[in-house]
Every structure is written in structure tokens, then in C-alpha cells.
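Below you'll find only one chain, the form predicted on its own, shown as C-alpha cells.
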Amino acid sequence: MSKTVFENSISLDGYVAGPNDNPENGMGDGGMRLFEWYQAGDVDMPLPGTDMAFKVSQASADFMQAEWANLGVMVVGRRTFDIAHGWGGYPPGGGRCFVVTHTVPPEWVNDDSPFTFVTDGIESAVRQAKQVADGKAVSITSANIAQQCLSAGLLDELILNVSPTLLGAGVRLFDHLGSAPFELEQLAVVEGIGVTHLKYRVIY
């Protein structure tokens, strides 16, 4: 059965984006510092489904390529979808993308679209994503969706790429956790250049 995984870069003080994030300032003020490790090494690490390739340490490449290879489809929030401009119609990973939203944007609805807009909640979005994931993991994308999944008991794993950065403000990953506290089982700790990769299983 498909598992659900949240993977993202995060500051040491718990932010996944800086303040003032918007479609013209996608990662917020100072937020791109979280991804400096993408160009900190000399090993090519292609991003599946895109023409992008990063330069990372060997340790980061070995860890992240194995994780990315197991991702099938995405579940994302409408705000992140809008900030990313729908990734130009090509979501990272190259698979289907389920967007949790209150309203369906008609300009994105067509027969060739990789996007499915889900208006009946996070449980429905995760269920639909698993049905088409073909056994691969469902990538939970955006902080708010990760929070909803945690509170609903739907998130299986967390992969946090911790940047040695203190943003001080912005979009916090672990806000609004109505069902907290949560117990985590540590699965991996990998030290790269400019980043520490942490992997946990969520215990409910």
C-alpha cells in the first residue's frame, strides 16, 4: 500500500519559507537560503519530472535520489499551487497532482492536465492519490497540507532537509497541530554539505 511522505527543506527554527511569500516571491524573504545545499556539492542530482538538476554532496545525492525515486503522485494545497504558478503545468516528480481547494480554477481544467482539484477535504485527496500511485509513495507538499495530514492521522513519514539557517519568521511547518503531541521514530540521519537530512516515521 502507498505511504504518505512529507519532504522539504526547513530552517533550524522550523520555517519552510520566509515571510511575505507570494507568487512573485515564492520562498518569501530569505527563504531561498533553505535550498543553498542544492548547489553546495559536485554530484548531479536531477529532479524527476523536470529538466532541473542540482549539484549536491554524494551523501545528499545517495539519500535523496533513493527517496525521490519512490514518489508517485503529489497532494498539495491551493496556496502552494498558486504561488508555484502550477509549476507551469508540470508538477515536480512528473506524476499526477491532487490540489486541495475550496474552488476549482477553470483555466487549469482540461483533458491533458496533470491536476485534479479536490474540494471535499484532505482525506479524499489522499485516498484518490493512493488509488493512482501504483504502490509508490504519495508526496505531501506544503506545510498546511502536512499539518492537516498529521492531525487526521494520514502522514506516514517526514523527511526534513535541515538548513543551518535561522529565518526568524515566515511559514512554520509545525503550526496548528490540534492532535499533538506526536511520537516520531527516527529512521535516518544523513549529513550532507550545507544540510542535514532527517527521516522519521510518524507513530499514532
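All residue numbers refer to positions in the sequence shown, first residue = 1. Note that this is a predicted model, so its numbers are computed, not measured.
Absent from the display: the form predicted in complex with a small molecule. The rest refers to it.
- Interface residue remark: residue 95 is not counted as part of the site for the small molecule in the predicted complex, having no heavy atom within 4.5 Å.
- At least one heavy atom of residue 8 is located within 4.5 Å of the small molecule in the predicted complex.
- In the predicted complex, no heavy atom of residue 130 sits within 4.5 Å of the small molecule.
- When the small molecule is considered in the predicted complex, residue 113 lies well away from it, no heavy atom lying within 4.5 Å.
- Residue 35 is the only one of 54, 174, 35, 68 with a heavy atom lying within 4.5 Å of the small molecule in the predicted complex.
- Using a 4.5 angstroms heavy atom cutoff to the small molecule in the predicted complex, none of 4, 138 and 149 count as contacting.
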